[in-house]
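One chain comes next, on its own, written out as structure tokens in the form predicted on its own.
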Amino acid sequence: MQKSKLKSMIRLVVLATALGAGIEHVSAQPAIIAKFDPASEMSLSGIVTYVDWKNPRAHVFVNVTDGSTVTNWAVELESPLILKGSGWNEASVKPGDRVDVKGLRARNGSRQLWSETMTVAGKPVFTLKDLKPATPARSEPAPRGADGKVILGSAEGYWGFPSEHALVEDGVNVPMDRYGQLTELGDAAKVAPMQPWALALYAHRQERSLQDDPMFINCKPPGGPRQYQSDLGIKFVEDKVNERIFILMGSGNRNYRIIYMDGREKVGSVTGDDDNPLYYGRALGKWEGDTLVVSTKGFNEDFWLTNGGLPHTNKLELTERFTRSDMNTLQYQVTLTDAGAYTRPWNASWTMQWVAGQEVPTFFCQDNRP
């Protein structure tokens, strides 16, 4: 990996088609610690020279005076969409304001700071609200179509805000952040039944603070279960005429995957096809009662299958189960089988919440390779 790649941060542009109704708190941004060092906390005070209110993240540029020397710092904030959802706009801080900022300095030593707190005249600005959808007071049954089957999606919402943001074997409790960064590197072997080489690679990715994530470095799709680990969510669109289901992704540069429901028997191994890229394999689905069961194989090795960087090989096979247990809850369970990277099949599961009245947010990625 070239050093310039490690120093750069991918630009992610997040657009929402339902801004008029307000945007939920979305977070598909690269792990903060990949660019900013938690061990290098610092504070600065100065005069605002410019406010860059653009995706993927807003910036406030600040002149800091030290004796006769004036330096300009770029203070990085969350996405304008997230800030706007918390009641802020680009006029909340204006050129000429004196600000006090506390945050994390960039790992590469440049004059960049991730803002954890910012105040103007002692008053906090750019604080974030928890915009996660509220849990309904009472649960309603899952909706059903004319054929009696549970409806997994509709035009009036999407599934987001997963209960887990990284892949961990069911029954295992390993502390990590929302990006899959382990609190203790020594816990790596507990996450999943990895073969020695896979464990070494996973530990290496963790040691590098996830800086080598292909989704952030060069816009690789979030293949495997990772597509269900983003607050940006997913949307089911059923094409009954052609017997297939599309899954539209908020976290994948307008990516989608196709689940074939026409009863075909064979799943492509490593050949793939144009309308079903190998990042998502070739998926065959069927209904078992109220559960959509999807079998997928034919993956390539160019993506991370989870936040945090668990490895896989092209032998990866997934058996996924989607169950809408009530109006607002989607239960997701996956069995992973990969004889190239793991010692045995293993399971992971979590839930997603229904975000009513909004279209799935749209995510764009700008390739940042030199």
Partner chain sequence: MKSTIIKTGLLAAALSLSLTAIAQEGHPMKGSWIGEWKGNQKLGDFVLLVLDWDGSKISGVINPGTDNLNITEATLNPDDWSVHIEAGGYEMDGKIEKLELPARSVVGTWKGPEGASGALEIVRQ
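Everything numeric here is computed off the predicted structure, so don't read it as measured data. Residue numbers count along the first chain shown, from 1.
Although not depicted, the form predicted in complex with its partner chain is the subject of the following passage.
*Asks:* When its partner chain is placed as it is in the model of the complex, which of 147-155, 118-126, 191-199, 232-240 ends up with heavy atoms within 4.5 Å of it?
*Replies:* Stretch 191-199 is the one.
*Asks:* Should F303 be classed as touching its partner chain in the model of the complex when contacts are defined as heavy atoms within 4.5 Å?
*Replies:* Yes - in the model of the complex, heavy atoms of F303 and its partner chain come within 4.5 Å of each other.
*Asks:* Is there any non-hydrogen atom of A339 lying within 4.5 Å of its partner chain in the model of the complex?
*Replies:* Taking the distances in the model of the complex, the answer for A339 is yes, it comes within 4.5 Å of its partner chain.
*Asks:* Taking heavy atoms and a 4.5 Å cut-off, does P311 contact its partner chain in the model of the complex?
*Replies:* Result yes; P311 sits at the interface with its partner chain in the model of the complex.
*Asks:* Although its partner chain is absent from this view, report whether R205 comes within 4.5 Å of it in the model of the complex, heavy atoms only.
*Replies:* Yes, R205 is a contact residue.
*Asks:* Which one of R105, K220, R244, R257 is close to its partner chain in the model of the complex, taking close to mean a heavy atom within 4.5 Å?
*Replies:* Here the answer is residue option K220.
*Asks:* Using a 4.5 Å heavy atom cut-off, which residue among D177, D212, D97, D290 comes into contact with its partner chain in the model of the complex?
*Replies:* Exactly one listed residue reaches within 4.5 Å, namely D212.
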